[in-house]
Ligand code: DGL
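The chain below stands alone and is given in structure tokens; this is the form predicted alone.
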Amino acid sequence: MNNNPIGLFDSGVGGTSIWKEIHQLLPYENTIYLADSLNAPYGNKSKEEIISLSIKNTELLLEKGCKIIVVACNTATTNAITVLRGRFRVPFIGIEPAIKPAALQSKSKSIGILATKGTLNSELFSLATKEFTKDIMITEVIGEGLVPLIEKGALLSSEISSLLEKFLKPMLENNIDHLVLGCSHYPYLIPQLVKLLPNNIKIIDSGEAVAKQTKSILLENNLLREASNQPIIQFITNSSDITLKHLLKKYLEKVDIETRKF
């Protein structure tokens, strides 16, 4: 099992931000990433649809022999991971908005959360918010329209800038000092966000924490691959691979991208 791959899935290309953190921390691990771009974004779908798509993605990764599944999607984690853990025997790693560190570190006692509708409306998100933000003002904003633009590779477009300015306005009015990115697509917007935000506002995403948790669970289950030959890295998408190639250009010599229906 140690040589079996780590499986990751997301509603498109955004979870590659999580894959990069895992690959950096665990460079010898074989990985398979599933980009369900055809059904992106998950954030606007019903809970039932999200669960159904998450089961389908998990089954495909298990057919490929994955030893652990990383749900590299906030919406799929908050809506479906409990069902997945109850249905399949493989370990699962989820990704949730990093509310706790933002709340604990905030000096202004005001934080912003930019996420999809599916994440913000989920029960898991609601529970996390209540637990860690009793004395904190939270400005929640749905990043409507961001995921489709990121899927198209329009990371530096004027459309993205305009949307971000609109979404950040109520947060800045509420004097936030931490911005939590609640979607795995959103780390790709950090260069734009840095230009739009004052220097005192810290941007937090979950990528590094997810990578560390993945390593911890692999260690706990004696599933770490030993440092050896070059890992096998596969990406599978059911849509155009243009944006994937752009986001992974640094890794293209060792990355295999397959386009297929699923």
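Since the model is a prediction, treat every value here as computed from it, not as a measurement. Don't overthink the numbering: it's just position in the shown sequence, from 1.
Keep in mind that the form predicted together with the named molecule is not shown, yet the notes after this line are about it.
The stretch that touches the named molecule in the model of the complex, counting heavy atoms within 4.5 Å, is 69 to 77, out of 188 to 196, 158 to 166, 128 to 136, 69 to 77. Interface residue among 179, 147, 93, 99, judged by heavy atoms within 4.5 Å of the named molecule in the model of the complex: 147. At a distance threshold of 4.5 angstroms between non-hydrogen atoms, residue 207 is out of contact with the named molecule in the model of the complex. Among residues of the shown chain, residue 113 is not one whose heavy atoms approach the named molecule to within 4.5 Å in the model of the complex. Residue 235 falls outside the set of residues with a heavy atom inside 4.5 Å of the named molecule in the model of the complex.
With contact defined as any non-hydrogen atom lying within 4.5 angstroms of the named molecule in the model of the complex, the contacting residues in 1 to 39 are 10, 11, given in sequence order.
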